[in-house]
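Next up is one chain by itself, shown in structure tokens, the form predicted on its own.
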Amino acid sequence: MDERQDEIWAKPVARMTVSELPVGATNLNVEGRQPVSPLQGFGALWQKTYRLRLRGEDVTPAQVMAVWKEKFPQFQPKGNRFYPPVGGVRSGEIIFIESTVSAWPGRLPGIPISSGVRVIYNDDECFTIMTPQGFPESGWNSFSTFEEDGETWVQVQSMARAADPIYEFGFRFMGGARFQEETWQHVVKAVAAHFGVHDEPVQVIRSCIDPGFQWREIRNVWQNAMIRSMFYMPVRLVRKVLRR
């Protein structure tokens, strides 16, 4: 493998390690966690694709991706705070995440959840992130740009399953799946809006690859980042008071 390939693919690791923490991020449910694939989750396995055409815009996929990486946190919906690596999106680095999970979105207050994802692939037109143990999903998301029929497209594609029974229940019955889909649709729309495209529809493609549960993975509940973040809330409050 040449040096270029070394830069594109992250080296496999048994555990995630944090070398540098971006300002504002929390190293919680990240350090020491094992990166996990869709094979290691509990719930039904889904592949979902969200794509949008930048109709009429004279911009290359590489130009779009350069902006997407630079402004990645800004393209997230309200309530989702992403903290990219200090040196930018690079293979092997961690993107920290601060979000909220609610048992009844819009009606009940959200529970803060802190975690992070590891960049496992990165080139000029695509990057892929892999989730750690305890994250709501086990699997990966790919963010890509490409040209089709002479026009540039932006796309988010996930291949993942709920990490444990608690998350699976939330995705199925508490609006979690809808919230997730709205999140990624928001992201591709925000990228498109940055380039002046405001009225193009998002194409959503869903495919349930495996509808069954992996009962051997029920033990993943022990690593549940939402539960651990909830127990960490008093520490957050104390630190917030001390900073005043």
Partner chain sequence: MPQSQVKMDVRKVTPQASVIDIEGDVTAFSENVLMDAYTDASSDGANSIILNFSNLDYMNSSGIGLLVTLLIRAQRQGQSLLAYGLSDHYRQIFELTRLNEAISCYAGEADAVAAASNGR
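Here the structure is a predicted model, which means the values were calculated and not measured. Positions refer to the first chain, counted from 1.
Another form, the form predicted in complex with its partner chain, is not on view; read the next lines as being about it.
Checking 35-43, 173-181, 55-63, 186-194 against its partner chain in the predicted complex, the stretch whose residues place heavy atoms within 4.5 Å of it is 35-43. When contacts are judged by a 4.5 Å heavy atom cut-off, Y121 counts as touching its partner chain in the predicted complex. For the chain shown alone, D210 is a contact residue for its partner chain in the predicted complex, at least one non-hydrogen atom being within 4.5 angstroms.
Contact check for S142: a non-hydrogen atom falls within 4.5 Å of its partner chain in the predicted complex.
Put simply, P12 is close to its partner chain in the predicted complex: some heavy atom of it is within 4.5 Å. This chain lacks the partner; the member of T152, S158, T128, S99 within 4.5 angstroms of its partner chain in the predicted complex by a non-hydrogen atom is T128.
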